[in-house]
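Starting off, we have a lone chain in the form predicted alone, written out as structure tokens.
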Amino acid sequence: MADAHAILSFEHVGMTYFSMEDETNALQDITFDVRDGEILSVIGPSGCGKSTILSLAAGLLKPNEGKISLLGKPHDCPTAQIGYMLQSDHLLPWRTIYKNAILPLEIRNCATKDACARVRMLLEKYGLGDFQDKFPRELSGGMRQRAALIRTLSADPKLLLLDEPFSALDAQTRLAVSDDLVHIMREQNKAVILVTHDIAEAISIADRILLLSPRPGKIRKQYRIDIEGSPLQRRNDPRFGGYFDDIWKEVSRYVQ
């Protein structure tokens, strides 16, 4: 049964893709909840259905089996309650940072004075106030990712879906940007589902980790990460290595 306090719930969800030639069973019997303010990470081998979980959570796909609930109600179509951030920042080069940030509001025809003022406040609060009239090419990779997150937050969604948001960055920038973005998500108290291939990244960011099996993806194991602090602080915690070893042992069973 779904958690009554959950933002999003999957209950025995299965997903199969059909084509003229064959069918592919992507997910099987997936059950989990994500609560307000919780960061949930989904990890697993390539092709295990991580991106399918995000597409189902976003309402871009409908499951073949089971049900998905958003704020306690059936969920099967895109909504402003969910923000989706992809691997690349996808900032439009001909629009300023501010204009990029309010794009979701304009698309939904809700770019009110108050909503736009909130976006300017977010840009100011998170270090982009002096850059809101600049163009994406004038910003560093880390600043662009921060701008992309603020764009995702512009409609004040209840749930954020992050598809490997740091993968396009070099290792040093990746650590700094993950610190920045997690600080913003924590402060905004958003429920988050993060998909990543990086075990260390998942441990440093998430409150809970779901490990999927190879296709068809099933929840092989769940890990609750009881380490406080920022991603950088977590990586320096003596318990970090223990979590990494436990998860790697489980993941390595599927590595050929």
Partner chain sequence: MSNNATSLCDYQKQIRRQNNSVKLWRILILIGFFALWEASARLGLIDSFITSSPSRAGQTIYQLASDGSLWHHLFTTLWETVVGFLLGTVLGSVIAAILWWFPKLCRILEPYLVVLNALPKVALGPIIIVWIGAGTSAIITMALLISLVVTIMGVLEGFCSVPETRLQLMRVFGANRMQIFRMVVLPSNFSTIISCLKINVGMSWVGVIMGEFLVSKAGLGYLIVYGGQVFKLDLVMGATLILCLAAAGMYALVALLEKKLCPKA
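Numbering follows the first chain given and starts at 1. Keep in mind that this is a model prediction, so the values were computed, not measured.
The next section is about a form of this same protein that is not shown, the form predicted together with its partner chain.
Visitor: Even though the partner isn't displayed, in the model of the complex is Y84 close enough to its partner chain, meaning a heavy atom within 4.5 Å?
Guide: Yes, Y84 lies within 4.5 Å of its partner chain in the model of the complex.
Visitor: Answer yes if any heavy atom of A176 is within 4.5 Å of a heavy atom of its partner chain in the model of the complex; otherwise answer no.
Guide: A176: no, not in contact with its partner chain in the model of the complex.
Visitor: Check P74 for me: does it contact its partner chain in the model of the complex (non-hydrogen atoms, 4.5 angstroms)?
Guide: No.
Visitor: Under a 4.5 Å heavy atom criterion, is P78 part of the interface with its partner chain in the model of the complex?
Guide: Yes, P78 sits close enough to its partner chain in the model of the complex that at least one of its heavy atoms falls within 4.5 Å.
Visitor: Using heavy atoms and a 4.5 Å cut-off, decide whether C116, R120 and D130 all contact its partner chain in the model of the complex.
Guide: Result no, not one residue of the spot touches its partner chain.
Visitor: Can you work out which of L103, V182, L160, L139 has a heavy atom no more than 4.5 Å from its partner chain in the model of the complex?
Guide: Selected residue: L103.
Visitor: Which residue among R108, R186, K125, K134 has a heavy atom within 4.5 angstroms of its partner chain in the model of the complex?
Guide: That would be R108.
Visitor: So if I measure heavy atom distances to its partner chain in the model of the complex, which of the stretches 192-200, 208-216, 34-42, 55-63 falls within 4.5 Å?
Guide: The contacting stretch is 55-63.
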